[in-house]
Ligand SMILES: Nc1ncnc2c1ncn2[C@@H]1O[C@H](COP(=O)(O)OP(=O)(O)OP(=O)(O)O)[C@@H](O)[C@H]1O
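One chain comes next, on its own, written as structure tokens: the form predicted on its own.
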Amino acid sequence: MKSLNRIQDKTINVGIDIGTSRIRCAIAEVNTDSKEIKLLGIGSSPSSGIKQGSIIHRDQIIDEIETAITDAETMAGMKVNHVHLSISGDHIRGINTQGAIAIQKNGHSQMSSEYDISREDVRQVLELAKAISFPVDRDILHILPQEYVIDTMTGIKDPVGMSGRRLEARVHLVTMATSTATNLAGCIEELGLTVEGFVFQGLASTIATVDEDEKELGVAVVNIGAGTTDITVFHDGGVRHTGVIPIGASSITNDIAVMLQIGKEDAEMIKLKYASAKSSMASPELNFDIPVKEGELKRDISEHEVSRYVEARMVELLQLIAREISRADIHESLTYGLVLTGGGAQLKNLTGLAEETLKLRTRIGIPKGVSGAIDIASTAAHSGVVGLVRWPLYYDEKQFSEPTGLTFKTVVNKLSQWFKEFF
């Protein structure tokens, strides 16, 4: 295999999406001129070493990550050495903040005169906006500008070259636990790879599934994973809220397993094959056999009966999602409603239940804007990993948002400082 030398100039992007039930790796080639993305290889592996975003068995997760990477490398015909890594869990926090500066020229404030705004001015106002006192065990994951204000002019997306006396930036900050990032990066480093950056899993899914018009008019992207549900709310082109619910689709699997007294693997199969998010859409007359062990009596159950339990659990999750969306404090309605994505969004009739429960327009978000081997990555479950390979391109387009600079070295330094101060 050839070495992935071109990754340094961002012509090759690699993403690893680490979830509670599966780990996925994608390798894509980016045309920096046309902004087109071609998926070269994709690999996956069952995940058993992580739960709700936190590592519970380090050796297992390293082996599983290696399997996913090897599958993707084999398909792409090349070796990788740099990756972007998804991160989720209830340690993720989002906050809206702002900062303002007087426009300066030659290092001196000139409040009585107007001067052109430079990129340095934008950098300074973003630095001021993120200057919030966080605990030493937390780091800023993303700085996401919502809008800029020049004097009394609001809603500005690109202030460079415009004139004014005062520049204000309104931003959304996403923060994470330093130790979680350190542990994940350490697993990747163990495999001889370098983490170029971490990306909030919910934001990665957004990049793969929604367009600028949806972000402008209002949309909430809900990434339903096995162990967590990530929410990202957009309005006026910017992120207004991010949040993580520590409940995912595995809760439904667990309910089925307990109800039918079967293993989780069989329960997952029944959920995907027979269950419906709306019990009214499942027939009470269609029965299926329940998997039994040798020596046990044969049992069956109707699709409707199973779906009743599934619907009850999904309504609970949707209500939690609605509560999280309400924290965005957006007074206007979300024109494009909900986009449901992630592996948990593959449950039958889920969009109908969501529209009925939340009274919001709903669709399933699948990866788009990618060519190549997309046929094997065209489901909602792959939105996160496809978003990861689009991430560097996304930040090239968003000139004034700053990608996370968190690497294994920086998070280790941060963690070392924390331990010194603590002890």
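Sequential numbering from 1, following the sequence displayed. Just so it is clear, the structure is predicted and the values come from calculations on it, not from any experiment.
Although not depicted, the form predicted in complex with this ligand is the subject of the following passage.
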{"property": "This ligand in the predicted bound form reached by all of I92, G94 and M176, non-hydrogen atom within 4.5 Å", "result": "no"}
{"property": "Stretch in contact in the predicted bound form with this ligand, which is absent here, among 181 to 189, 337 to 345, 211 to 219, 95 to 103 (heavy atoms within 4.5 Å)", "result": "337 to 345"}
{"property": "Residue (of A226, A328, I256, I231) lying close to this ligand in the predicted bound form, criterion heavy atoms within 4.5 Å", "result": "A226"}
{"property": "Residue among A169, A249, A72, A204 with a heavy atom within 4.5 Å of this ligand in the predicted bound form", "result": "A249"}
{"property": "Close approach of D266 to this ligand in the predicted bound form, 4.5 Å, heavy atom", "result": "no"}
{"property": "A381 within 4.5 Å of this ligand in the predicted bound form, heavy atoms", "result": "yes"}
{"property": "In the predicted bound form, N13 touching this ligand (heavy atom, 4.5 Å)", "result": "no"}
{"property": "Proximity of K271 to this ligand in the predicted bound form, heavy atoms at 4.5 Å", "result": "yes"}
{"property": "Sequence-ordered list of residues in 302 to 333 near this ligand in the predicted bound form, where near means a heavy atom within 4.5 Å", "result": "none"}
